[in-house]
Each structure stands twice: as structure tokens, then as C-alpha cells.
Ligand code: JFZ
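Consider the single chain below, provided in C-alpha cells and representing the form predicted alone.
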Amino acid sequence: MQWFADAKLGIFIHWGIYSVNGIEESWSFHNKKISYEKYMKQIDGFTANFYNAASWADLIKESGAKYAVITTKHHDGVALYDTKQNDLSLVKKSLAKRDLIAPFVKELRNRNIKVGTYFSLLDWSNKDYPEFLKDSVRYKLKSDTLRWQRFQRFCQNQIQEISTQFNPDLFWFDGDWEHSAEEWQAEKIRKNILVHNPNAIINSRLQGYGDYETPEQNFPVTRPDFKYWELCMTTNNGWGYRFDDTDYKSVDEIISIFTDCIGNGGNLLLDIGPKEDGTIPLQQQNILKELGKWIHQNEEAIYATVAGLPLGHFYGASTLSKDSSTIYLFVSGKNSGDIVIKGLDAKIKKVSVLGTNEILKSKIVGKISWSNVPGLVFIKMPENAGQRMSVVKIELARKLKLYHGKGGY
């Protein structure tokens, strides 16, 4: 898991036939916003005419991400690679007529970016899968076990195809909520993946057989209890491309979310949704480029760091060097007043602004000679510290030690 812990940023890619009409992926027919037949008709308009896997990989590299996760098959059952298990793929059914995953995997590996593959366990298009629309089922699982076994073989075989064809570093499962671990044969899925690649890691959506947690959209307010985790979040409101979804998060907002993630010991998996022709919306390109520019300016405080100061010691996000001798504070670029650290029981050697080498003055307030309670550390931020979030680097004379007491005498 170490590469994952050090990666900090991944890019999520939701690409599929739903980008043709710019509607919600899979859920639009499942929730009866559109008929299943009309939804599936979109496959005729999927071209990938301007898809360039190398330019996609270049953009991901520029963003500062260390891994990328792409949809191989969403809940609609349409595969983006050349599956041999059925004919429902963009290779066989769409105008693209080619495997869209293989070239992207190749380009990621050429840039030393870890490969992640999204795969939906459920498949609402498969006639052997019990569930279909939100208020209908094809059959009751216990009443037709042979049919369910047939679907299990189909699902396991597709996972095996992805494993052998692309050898992912990371499997990102989804759709597990409709059945139990036993029904999914989750233990068998995990075993088969690790037999092929013992170093592969798996997200938590495998009914308890994953390696890390994956909260979605909603940021945890308190630091998660699990050791490894990532927040998956969209750049606008939807996962796939929607022409009417222009409610994009600003770069500053995404940087704030990103620093909160790494400050709490997690990663951010930031989503983009390409158009059916393979072009990535300019707004999403700009977000990734600007985020990457900021990350590369401050990478010392990001990569190969660990979770920062616990809640209450600093009102903001922070990270620590792995040897705990350096604190990195993430401060809003428009903050020109004092910032405060509480409970720092270690001598400060130097305070500076990362990327500028500007030395900042620090002051200890309220320290009493006969008490072991440390004083408050006030650090004066310079005027107009930066247009984006600034990083304050605090070098300590020894390893970090924090006071967690209640004061007193």
C-alpha cells in the first residue's frame, strides 16, 4: 500500500455511452428518467474520433497525479475493452470499433503512473443479473440459483480478462450494494486478482475484501479511523460528461479539498468526464493544469508526507515529513495576519514560505517557566502571501512532540 499512501492524488475517468446525450451514467435508465432502449441507443453515436491516449496521460502527469482510474464497464454493462464474454462492448457495437483501455494503460505506464481500473460488479443489461430497473427484478436469486451462477461466471471472467489484459495496480470496484460478499464470491475475486498480481490493491467496495476506504463526494469532518483512504469527488456535479453541467468547482476550492484530504492522511481521486469523441472539456483540463501547477510548486509538502497536526492544534490542513521533524501548514493565499499553533512542544529552528524561501517570524505567547504546558506559537504571514494557498514550512530542532492536556497549574 505504500505507493498509494505516497501518491496523494489520482484522476478518475468516467467515459461511456452516456456522454453521447450527456445524461447521467446508467442511473438515468435505472431510475426511469429515460427508457432503457433510448439509453442504449446512445451506443450508435459513440465515436471516440478524437481520443488520444497520450494526451490524456500527459494531462494526468501535468496534474501531479500518481495514479489514474478509468471505467472499464459501468452499471449499464457496456465494456470499453474487447471482452469475450458477450457482444456488449464499444469495440463490437460502437463506431469506435477498438479497445479504448489498452492504449491508455500503455501511455500511463510509459509515464510511470499507476493504473487503476473501475469495474461494476452489477450489470443491469445482463439478462442473468437479477436486478434491472429500480422497482423491478428479473427473478429472485434464491428461486433460480443456476441463473445466478451463470452470472457469477460471467462477472468473474470479465474481472479475469481485465486482470490478464491490463494487469492493474489498483482495482476500483463499484455496485456491490445489491448483494452480499458471499453472493458476489468476493473472497474468490480477491484471491484470483492476487494470484495474478500479488501487489494489486483493491478498494473497499468488495464487501469487506478491500484494502482501503472510498468515501464518495462527502468529505469526512473528522479524521477517518482507517489507515488508507481516498475521497472520490467530481470536478463539477456529475461523473460522466453532461453538456448542461457547468457548475465547476474552482481551482482554489479543489486545492482546499485536496489539502484537507492529505492533511487527514488520505488521497483525493478527482473525476473528469470526457465527451463521446474523446475530448476532455476545457474547464476540466484547466482545473487539472492549475492544480498541477500548484502541486509542483509545493510538492515537498505533499508527496511522501503523512497526516498533519490533529484537530485543535492548527485551524487548517497540514502535513508532516515522515521523520516528524518538519510541519507544513496550508494557509489561504489571502491570509496576511497571524496563524497560530497550539500545543507545540518542540523548539522551532526556522519558519519559511515554501517555494519562495521567505523567512517568517514566529513568537511564543503565554509560556510560563514553571509549567510544562507549551505556549501558543504565532506566525506572522506576509502581506499578499499568494493568489493560491501558501505553504508554511516549520523546521523543528527535534522530532515533533505535542501537548494534548487541559492546561492548569
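Don't overthink the numbering: it's just position in the shown sequence, from 1. Predicted model only: the values in this text are computed from it and were never measured.
Just so you know, the form predicted in complex with the ligand exists too; it's not on screen, but the next bit is about it.
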| said: So, residue 118 and the ligand: in the predicted bound form, are they within 4.5 Å at any heavy atom pair? | reply: yes
| said: Since only the chain is shown here, I'm wondering whether residue 378 would be in contact with the ligand in the predicted bound form (any heavy atom pair within 4.5 Å). | reply: no
| Interface membership of residue 314, the ligand in the predicted bound form, 4.5 Å heavy atom rule | no
| Does residue 393 reach the ligand in the predicted bound form, with heavy atoms at most 4.5 Å apart? | no
| request: Given that the partner is absent here, state which listed stretch (315-323, 169-177, 96-104, 140-148) has heavy atoms within 4.5 Å of the ligand in the predicted bound form. | output: 169-177
| said: Please identify the residue among 87, 247, 187, 216 with any heavy atom within 4.5 Å of the ligand in the predicted bound form. | reply: 216
| Would the ligand be touched by all three of 12, 75 and 205 in the predicted bound form, meaning a heavy atom each within 4.5 Å? | yes
| field | Sequence-ordered residues of 24-51 touching the ligand in the predicted bound form, heavy atom within 4.5 Å | value | 25, 27
